[in-house]
Each structure stands twice: as structure tokens, then as C-alpha cells.
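We begin with a single chain expressed as C-alpha cells, specifically the form predicted alone.
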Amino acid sequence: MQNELLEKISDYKIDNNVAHNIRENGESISRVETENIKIETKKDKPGINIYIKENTKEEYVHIPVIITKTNYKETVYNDFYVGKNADVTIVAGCGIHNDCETESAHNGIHTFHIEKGANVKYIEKHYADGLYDNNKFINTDTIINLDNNSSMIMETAQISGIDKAIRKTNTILKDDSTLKIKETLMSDNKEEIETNFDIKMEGKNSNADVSSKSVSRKDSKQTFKSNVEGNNKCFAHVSCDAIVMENSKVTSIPAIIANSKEAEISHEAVIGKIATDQITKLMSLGLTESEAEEKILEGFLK
């Protein structure tokens, strides 16, 4: 089960040549450091500190979390200190397997301290499975501090099986810093997902691009909230694109605030169903209706 969960939440091979910390049911089961990347256990609360030296290039850090216990809940605090001019990829994610009716829950608080000139690519996947509903929960709180001329690309995905999730992202951008977020979500049955983006454009020429694509099915519910505040010459665009199926519901609540005449901020939301002509075209090629729907959804979430 351990390997199956790790494969679901990571597309990357984890070995002893790559910095990593694998956590299972509250315990670190494997940890590797490199010359440029150090990992230490926090002394005051659960979690780790990851230190990435300045000028570190093309290295990876893996910090997956898996939960296989039932009636298990945890809150984990991870801090990333990324040195000047570093260029690294951080791969995170949480997988839960729970075959009992009692709850399993993971709360992850990740704080990024990204210094001048540093570039970070952050990849995070969430997944859960089990025999019962309403017993698997994953909540995340991602705090991003971007110094001058730094950047972060954040790719997050919630694949399936998580009964309730609250996803928060709070970012402060300084001069010439860049944030790009791509979120993909899938909810099914009676699952509920709430996404919250709070972005403060403090720096001159800061830039943010946030894209959320989601599919809601059956009786699931999704809520997308975004708040973007421009306090300087900046550019930001937020888009929410959702496909609604069966009896599911999607709500988009945008807020954009310009406190500078040089702030350019935009938001767009598109919520609708799968176009009938797309299904018809694929069925004419030999697919069944359900196969055509799955093909469309697969392409949409890429």
C-alpha cells in the first residue's frame, strides 16, 4: 500500500541520490540530504525545515506524506528556506488509504522563504481511497514569500477520493517577482473542495498568473475564492474554468482590489457542462458516450 500511495502522488523517482523526507503516519521513514540541501526535524512542533543553499541548481527535494492508519489525524509544519539564485524543484503531496469508518486527516502548513533571484517549481498532488465516504480529509495552507526578482511555479492537483478539502494559498510578491499557479481538481460523490487564493502584489513590476481547472461530478461541491490586491505597478490575472456534471455545484467568488493606478488585475470565470458537439464527434469515431466524456475530461484537466 505504501508504494501504491507514493506512485499516486508523485511522478518522480525517489532514491538515495535525491534529497527527500518520506513521512508515514507521523514518522519519517526515509531521509536523504545532499551537499546543497539539508533537512532537519523541527524541535517545537511536528514538521521539518528544508535549507537550500544559494546558487543550488537543478536539484530536487521530495517530501511526500502518506497515511495508512485509521482514526489518525495530524498537523505538519514544513518551512523551506531557498537561498539566493537557487533553481530547484520541490515535490510534495499526501496520500491517504482508509478502509474503516473512522476519520483519517492531514493538515499541511507549508511556508516558503524564497530569496532574491531564486526560482522554485513546486509540485503537489493529493489522493485518497478506501471503502467508506466522509472519512478522509486533507487541508493545506501554503504561505509564499517572494523576495525581489524571485519566482515560483506552483502545480497542484487533487486527484480523487478526498471527502473534504480546504486549500489556502497566501502570497506576498516584492519587486520584479513572479508567481504562476496551475491548479487542477476533481470531485466526485459527495466530496467538497474549497480553494482560497490571497495574493498581495506589493512590489513594483510583480506578476501573478493563477489558473484553476476543475471537474465536479455527482453530488460534489466546489467553491473557488480569490482575493488579489495590487499595491504597486503590477499585473495579475486569475481564471477559474469548471465543468459541472450530474447534480454537482460550483461557486466562484472573485475579489480584485487596485490600490495603485498602475495596478492591472483581471479575473475570469467559466462554469458549464461538456459541449454536446464534442461528445457527438468522439462517438462518431467509435467511442461510447461515457468513453467520450472521460476523454474530454482528461484533455480538459491537462
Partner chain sequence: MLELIDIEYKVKGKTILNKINLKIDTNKVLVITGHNGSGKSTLLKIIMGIIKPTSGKILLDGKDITKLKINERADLGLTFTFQTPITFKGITVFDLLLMANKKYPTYIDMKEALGGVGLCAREYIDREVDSSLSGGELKRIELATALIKKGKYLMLDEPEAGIDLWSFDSLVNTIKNIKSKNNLSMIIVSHQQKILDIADDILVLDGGNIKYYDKKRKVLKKIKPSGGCKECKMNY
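Residue numbers count along the first chain shown, from 1. Treat the numbers as computed from the prediction; the structure is a model and nothing was measured.
Not pictured, yet referred to below: the form predicted in complex with its partner chain.
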For the interface check, one of 273-281, 48-56, 252-260, 32-40 should have non-hydrogen atoms within 4.5 Å of its partner chain in the predicted bound form; which one? 273-281
I'd like to know whether residue 288 contacts its partner chain in the predicted bound form, with contact meaning heavy atoms within 4.5 angstroms. yes
So in the predicted bound form, does any heavy atom of residue 241 sit within 4.5 Å of its partner chain? yes
For residue 6, is any heavy atom within 4.5 Å of its partner chain in the predicted bound form, or not? no
Even though the chain is shown alone, can you say which residues of 18-36 have a heavy atom within 4.5 Å of its partner chain in the predicted bound form? none
